[in-house]
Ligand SMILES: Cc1ncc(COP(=O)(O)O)c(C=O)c1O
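Just the one chain here, laid out as structure tokens, in the form predicted on its own.
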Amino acid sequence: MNTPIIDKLNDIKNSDMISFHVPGHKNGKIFDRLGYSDFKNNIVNIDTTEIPGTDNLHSPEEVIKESQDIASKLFKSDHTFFLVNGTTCGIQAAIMAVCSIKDKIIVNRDCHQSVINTCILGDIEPIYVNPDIDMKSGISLGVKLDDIKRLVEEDEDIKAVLITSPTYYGINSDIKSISEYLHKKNKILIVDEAHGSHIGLSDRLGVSAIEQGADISIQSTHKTLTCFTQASMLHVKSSRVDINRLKSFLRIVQSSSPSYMLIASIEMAVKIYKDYGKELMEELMDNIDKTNNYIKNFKNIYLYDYKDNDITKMYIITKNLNKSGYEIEDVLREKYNIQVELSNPYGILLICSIGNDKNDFEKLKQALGDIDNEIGNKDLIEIDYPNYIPQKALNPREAFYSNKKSIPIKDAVGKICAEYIIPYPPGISLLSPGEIITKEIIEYVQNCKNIGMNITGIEDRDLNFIKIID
């Protein structure tokens, strides 16, 4: 029998590819560097289940409780829960723990698709707040307090607010001001902090959501720290959250057979965070600073100015080369054996973590130095992200359970969308079920496809047909 998945993963492992993508352990080399090779090499040997002595993730009383308590103290929460179904399950449990059926929740319009899926599962009404968009780079700049205030003042039935901070690109929102306002209004703040589990390691990165007053934050510990893919943590610091209700939803949305390999990897990530994290972060930021200074001397490539945001995200803008980020990603992969996190029409995003070392950045600088001199011979096609909230005709749950039919996408203007349109990465829904399809949306996704962007969520990947509410 062929083993195509295993074969491909081994090919990648044996290629010694340099990782500027998630997961944060960077192909496991952080474990070798810190003397934890035995943990990495023997991880399958501790694949077990709930037997005497291993405790139970869904009702921890022994070693799992002890480990979660250690993490809670370190991350300054009242309660910390280990997650084995990713940040997705944490978002699901958090929203349904604080919202009942038909409740309303404000969410940033560029939220992860798991937020919308939760509204379908829980029959919860999302009220969208639009983030600002940097039109020169095409990235979201987060949401503003004034926009949240306006929505709360307009509708006193709003139960909670969920925002993403930092964003995929490392942009922080002013969580402190938002949380202070919402708590005066007796509202609950949930922060999707999937890309911020490392923030507490340096003042230069900002301040964690929990320390800024968030009631709940969910972190993808595998993305920017060192545990295995799908392992995350949920932190609570609030008397407004019913902990028992939250636990009941975690039992629903998490596997009844949680992986002890994932649980153990969270504990190891917490240990590395505590014992080595700040030292490794200082080293990482020094490597990033040197790379940034090197890039400043380039003629064409330049780095997005992160100012007071998360500098471990490096968004490198390449459009002055007359080449899209997709082309640059391919060159880095094929010619220099460097894999980035994502590319878009304007550039490439690198996610750096304490798992990266000096050698990674030296090879990156060499590659970018070469690429900076390679100007494309065609004008770059630039497309503007549609900066508006689509009109909602049905809530996500109503749309999900409605009858649907497929029609040519050219005939879909004004119809109610019955599926997701998600430019990927980063998995943010451009159009969700229940929203009105516009000419601008259709033109945008078709242009995205033409320049190489992967569009998910829609059944017809060729974008000739789209499902609408019948």
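Please read these numbers as outputs of a predicted model, since none were measured by experiment. From 1 onward, residues are counted along the sequence shown.
Another form, the form predicted together with the ligand, is not on view; read the next lines as being about it.
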Looking at 220-228, 203-211, 331-339, 396-404, which one sits within 4.5 Å of the ligand in the model of the complex if you count heavy atoms only? 220-228
Work out which of 354, 216, 161, 91 lies within 4.5 Å of the ligand in the model of the complex, going by heavy atoms. 91
Between 232, 318, 118, 312, only one gets a heavy atom within 4.5 angstroms of the ligand in the model of the complex; which residue is that? 232
I'd like to know if residue 87 sits close to the ligand in the model of the complex, meaning any non-hydrogen atom pair within 4.5 angstroms. yes
Check whether residue 112 has any heavy atom within 4.5 Å of a heavy atom of the ligand in the model of the complex, and answer yes or no. yes
Would you classify residue 195 as touching the ligand in the model of the complex, given a 4.5 Å non-hydrogen atom cut-off? yes
Is it the case that residue 168, even though its partner is missing from this view, gets within 4.5 Å of the ligand in the model of the complex, heavy atoms only? yes
Interface residues of 259-282 toward the ligand, as seen in the model of the complex [heavy atoms, 4.5 Å]: none
